[in-house]
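Take a look at this single chain in C-alpha cells; it is the form predicted on its own.
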C-alpha cells in the first residue's frame, strides 16, 4: 500500500543507530507514524524537526503496518521561530497536544488546516491569542467544542464572561455572579479577535482550554496535559505580554 499527503512533523523518536519513527499530522490520513531510515543523517538535517511541513510518501505491505516514510521539505516553520523562546514553546506545545490527543490514522483535515495556519502565523504579534483559539479549534475537532455563542442560563448572546467547567457552555456576567468562583473565565478575545489581550487574558484562555483538553479529551485516553504545554503556560506567566507587540 502507498499514499502521498502533506504532513506536519509532530514527533520524532530514535529507532536504532540512524533511523527514527516519525509522527506526522497529515491532512487526509490523520496522525500517522512511519519509519524513516537515515533520519539522523546530514541529508535529513532539519527535515524531521518538529513543526516542519513536508510532502510525505508512506509505504507499507498492509495498511495496519508501521510502514516507511520518505519526506521532502515544504516549509520549516520551526526555523522561523528558533530565536524566540515563546513562539518556539507554542509550536512545541501544539505538536505535543496533537501527539497525545489525536487518535492515530483518524483524518482531521480541519485540525490540519488550523495547525498549519497557527504555525504560519507564529511570527505575528498576536501569536498567544492565535494559540488559544487553536486549542479551541482542537477541542471542537476532537468532539468537545465549546458553546460560547450564548448564555446557557438566560440565552443571552452579550456580556458572556464565564464558562461551565462541566458542560463547556458560556454563562453571562449576570447569571454567573452567584457561582463565579466555580466557573472558568471566558476572555473576550476568544470570540472576538479584535479584543485586546494581555498576559492575564491569555492565561485565562489557556486555563479554559486546558481544563477541557485535560479532563474531556486526554483523561479518557489515560493522558495528562503534555509537559510542553505546561511549560508554555509557565513561560507566559513569567512574561509581560501585551497584545500588538512582538
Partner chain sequence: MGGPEIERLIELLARLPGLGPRSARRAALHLMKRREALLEPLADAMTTAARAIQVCSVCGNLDSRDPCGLCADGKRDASVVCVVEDVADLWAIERSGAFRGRYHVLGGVLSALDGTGPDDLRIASLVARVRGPGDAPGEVREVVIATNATVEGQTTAHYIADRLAGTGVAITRLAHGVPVGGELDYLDDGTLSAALRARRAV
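Positions refer to the first chain, counted from 1. The shown structure was predicted, so the numbers you read here are calculated from the model rather than taken from an experiment.
The discussion below concerns the form predicted together with its partner chain, not included here.
Peer 1: Would you say all of 45, 73 and 76 touch its partner chain in the model of the complex, counting a heavy atom within 4.5 Å as a touch?
Peer 2: Per the other structure, all of 45, 73 and 76 touch its partner chain.
Peer 1: Counting only non-hydrogen atoms, which stretch in 58-66, 186-194, 208-216, 45-53 is within 4.5 Å of its partner chain in the model of the complex?
Peer 2: The contacting stretch here is 45-53.
Peer 1: Within a 4.5 Å heavy atom cut-off, is residue 235 in contact with its partner chain in the model of the complex?
Peer 2: Yes - in the model of the complex, heavy atoms of residue 235 and its partner chain come within 4.5 Å of each other.
Peer 1: Indicate whether residue 20 is a 4.5 Å heavy atom neighbour of its partner chain in the model of the complex.
Peer 2: It does not: once its partner chain is placed as it appears in the model of the complex, residue 20 has no heavy atom within 4.5 Å of it.
Peer 1: Taking its partner chain as it sits in the model of the complex, is residue 225 near enough to touch it, meaning that at least one heavy atom pair lies within 4.5 angstroms?
Peer 2: Judged by the heavy-atom cut-off of 4.5 Å, residue 225 is well away from its partner chain in the model of the complex.
Peer 1: Heavy atom to heavy atom, is residue 152 within 4.5 Å of its partner chain in the model of the complex?
Peer 2: No - in the model of the complex, heavy atoms of residue 152 and its partner chain never come within 4.5 Å of each other.
Peer 1: Among 173, 125, 148, 82, which has any heavy atom within 4.5 Å of its partner chain in the model of the complex?
Peer 2: Here the answer is residue option 82.
Peer 1: Give, in sequence order, every residue of 1-35 that has a heavy atom within 4.5 Å of its partner chain in the model of the complex, or say none if there are no such residues.
Peer 2: 11, 12, 13, 17, in sequence order.
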